[in-house]
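Next up is one chain by itself, shown in structure tokens, the form predicted alone.
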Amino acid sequence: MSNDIAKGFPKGFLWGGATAANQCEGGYLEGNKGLSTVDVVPAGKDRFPVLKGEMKMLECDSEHFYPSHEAIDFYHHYKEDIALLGEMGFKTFRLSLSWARIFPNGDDTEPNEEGLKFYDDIFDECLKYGIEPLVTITHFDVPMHLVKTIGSWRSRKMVDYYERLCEVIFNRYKDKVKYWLTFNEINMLLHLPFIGAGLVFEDGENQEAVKYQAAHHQLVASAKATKIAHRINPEFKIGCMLAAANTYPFTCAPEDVWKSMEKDRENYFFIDVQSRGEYPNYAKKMFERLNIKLAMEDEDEELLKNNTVDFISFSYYASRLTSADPNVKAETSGNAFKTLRNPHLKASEWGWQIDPLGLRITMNSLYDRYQKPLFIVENGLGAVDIPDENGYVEDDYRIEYLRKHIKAMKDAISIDGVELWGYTTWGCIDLVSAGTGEMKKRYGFIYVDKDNEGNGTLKRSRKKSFYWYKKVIETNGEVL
């Protein structure tokens, strides 16, 4: 056994931060970009019905405010923003591509050169500061044209369009990007189907059947992406991405323990296929019970089996809690994942329960299950930041949250022997919240002057956590 297991963070550990095109880019129709799913998702009371695919909104209207249209205008500020990440000493920067920026309609025969060049410029800027890009191919992002014409991921044709996208980007950026993720939080498709897969439901439709058929198409697309990537550049590392967190049983009653296991399997299902290469038996039995018959093509099973991912990436914000007892009803608020309130944990302003040990538990669960390297690609605390007149925020609460989670990661590596490649905190620069559409729910080390209504100068300023995280990276996690 090598001696370096017990020494904390390994040499070359990839410290950094994460964003998504749809939450930070803005420039929503600039550079010949097409309309994307998130561009039609409003802020306010209609947001969740649209995210869930229950309220049909296929165009923008004048009644709503759409935060993605400008977001934090990374489209025009990327040089300044990446320079700040470079100043912090980032080793990696996780960002996503906007599919509609590269193929405006999704089914175009030729890609949009302006969109491709935009990402070339971003990657060049990253590499200038020694920052390794970590690229999510689709992060809650489908060209609206494909939603309107073929129903998005409910259609098998999506696999072909996604394949075309992958061929183009892998060839174009093969010397600039090494780490790729196929789908962001792929399990979110079950919870917020419109944002996860561009699904809009019709009255009386079997929603579960539609969701799992769309999931099959995404899983096949992910396997095809992995196959193409390894052909184009064998050095590429391709990962899947799970919205992760163990579900605890509310009590030690066996019924509660069983319920928590079922809840975990609901999410593991996707990664079981992407990492092990086949549908698990528990999923096949579930399909039988729900009378779901997946439409598969002859080569699908072989494709899934032969093209598993190289690493498992995941987001972790809070653990979850469940009970088999219908009378236990104390739920937390503000999360796509409904969960019971854990009396042993404190919660953030948005009801997310703060559980650093839960991160270590989740890391061990994933590593025990898959025996593949892990990469934490989202983690952080959404909070209301009050800046002074210079835009400086004394965000000790954020530092405290991150410190405890990094300590839990360190324990998982050095005590438990978990293999972890890197850590990218979520929203390293303030951005629009995917769930609520707010700006005031901030995660960043960098403050952006903008409010929920879209007002502000967009001026960037360093928070206290900026300097703290810089020291963490400098010392490879030794000074927390």
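The first residue of the sequence shown is number 1, and the count goes up from there. Small disclaimer: the values here were computed from a predicted structure and weren't measured.
Although it is not shown, the form predicted together with a small molecule is what the next lines describe.
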{"property": "In the model of the complex, the residue from 183, 194, 93, 317 that sits within 4.5 Å of the small molecule by heavy atoms", "result": "317"}
{"property": "Single option in 395, 264, 125, 378 placed near the small molecule in the model of the complex, where near means a heavy atom within 4.5 Å", "result": "378"}
{"property": "Option from 60 to 68, 33 to 41, 426 to 434, 451 to 459 whose residues, in the model of the complex, bring a heavy atom within 4.5 Å of the small molecule", "result": "426 to 434"}
{"property": "4.5 Å heavy atom contact, residue 352 and the small molecule in the model of the complex", "result": "yes"}
{"property": "Residue 223, heavy atom within 4.5 angstroms of the small molecule in the model of the complex", "result": "no"}
{"property": "4.5 Å heavy atom contact, residue 162 and the small molecule in the model of the complex", "result": "no"}
{"property": "Residue 443: touches the small molecule in the model of the complex, heavy atom cutoff 4.5 angstroms", "result": "yes"}
